[in-house]
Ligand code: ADP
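We begin with a single chain expressed as structure tokens, specifically the form predicted alone.
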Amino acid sequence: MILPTLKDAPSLRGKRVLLRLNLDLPVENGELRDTFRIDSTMKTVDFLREQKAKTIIIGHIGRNPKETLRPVYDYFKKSISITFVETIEEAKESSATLAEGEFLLLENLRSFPGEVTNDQVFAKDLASLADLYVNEAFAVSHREHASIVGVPKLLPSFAGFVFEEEVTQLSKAFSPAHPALLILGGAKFETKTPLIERFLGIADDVYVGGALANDIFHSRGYETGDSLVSNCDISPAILNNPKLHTPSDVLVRIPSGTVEKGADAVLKGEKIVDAGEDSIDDMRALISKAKFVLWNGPLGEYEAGFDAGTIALAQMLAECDAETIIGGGDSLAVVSKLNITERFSFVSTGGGAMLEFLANETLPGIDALQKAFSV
């Protein structure tokens, strides 16, 4: 894949650089709870500072346009010289006096209506702030927003160092070492069908857990009680594929607490909340023989406290000899909490973007950079 990167950019000294970062981070009591996504981009931030660029950082946080990036600003100002502005007009005024090696942070992009709709006027407003554009937000590059696909039409555009690494590392999954194993959790089977279909042709084994497995159980005629189910149609080509694996037993919530049951023994009114111990053993056997493992998504209702299966999986992968690539918000939260992030071969900052890239080998943000580069 030909991807224009910062290494291809001309001299940056004194140039105004519009840097799109993924700043969608959890905030608790006004402070960032997990800074992994920002910390991973500091190589690019430091590079721009060292090259004496004048950098305008843009990004979004949360789904509510009223959420603010001030906690992100407070975190950044501990390590770089940075100013916070709330409007495009303020950004234009402040960028005019920005010194070489200094930074400007614009308020939450989603507070501007034109961002999500990819409004061309808004894209032009953003582009007017800079001489060139850098996308260092792989995790949101599956979205056709103004800051992702609109701006590259208007400025010389490049991928940041982490963006480049994401593409390089995730591309390994298209021709992995064998035996290769895909472990996929989370929910919304209909959105992950293309990925499952593709990797049933690439990998030696595909293990589907979490709420995704509930959809398979339902399609096989099992009772799923009150479990989260998409009720989507799953093709026989998936259901009957010998490479497909699902939990053999599950943790079920019942009125008196929780109990482990066979996946085909769930009753009405019960709810599947995690993988069972036999399922963990099954995954351990698959992992022990694998040379390449790709993992995305939790095995249970992680946010509701049913995290034992996901934690066990993370620990198994951290200790195995295979090349390991992981991603997804809940997966990142687990490995960060366990302080084992560095024990994986690669940790992707993407969730939905990672899955879409693996299914299609590209993203709208990648296409935008390639088209900008070829102009």
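Computed from a predicted model, the values in this text were never measured in an experiment. One-based numbering along the sequence shown.
There is another form of the same protein, the form predicted together with ligand ADP; it is not shown, and what comes next is about it.
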query: Proximity to ligand ADP in the model of the complex (heavy atom, within 4.5 Å), stretch among 140-148, 68-76, 155-163, 183-191; finding: 183-191
query: Sole residue of F112, Y133, Y302, F103 within 4.5 Å of ligand ADP in the model of the complex, by heavy atom; finding: Y302
query: The single option of I280, I234, I82, L228 touching ligand ADP in the model of the complex, heavy atom within 4.5 Å; finding: L228
query: Partner proximity in the model of the complex: D330 to ligand ADP, non-hydrogen atom cutoff 4.5 Å; finding: yes
query: Interface membership of A211, ligand ADP in the model of the complex, 4.5 Å heavy atom rule; finding: yes
query: Partner contact for L195 in the model of the complex: ligand ADP, 4.5 angstroms, heavy atom; finding: no
query: 4.5 Å heavy atom contact, A127 and ligand ADP in the model of the complex; finding: no
query: Contacts with ligand ADP in the model of the complex - residues in 48-70 whose heavy atoms fall within 4.5 Å; finding: none
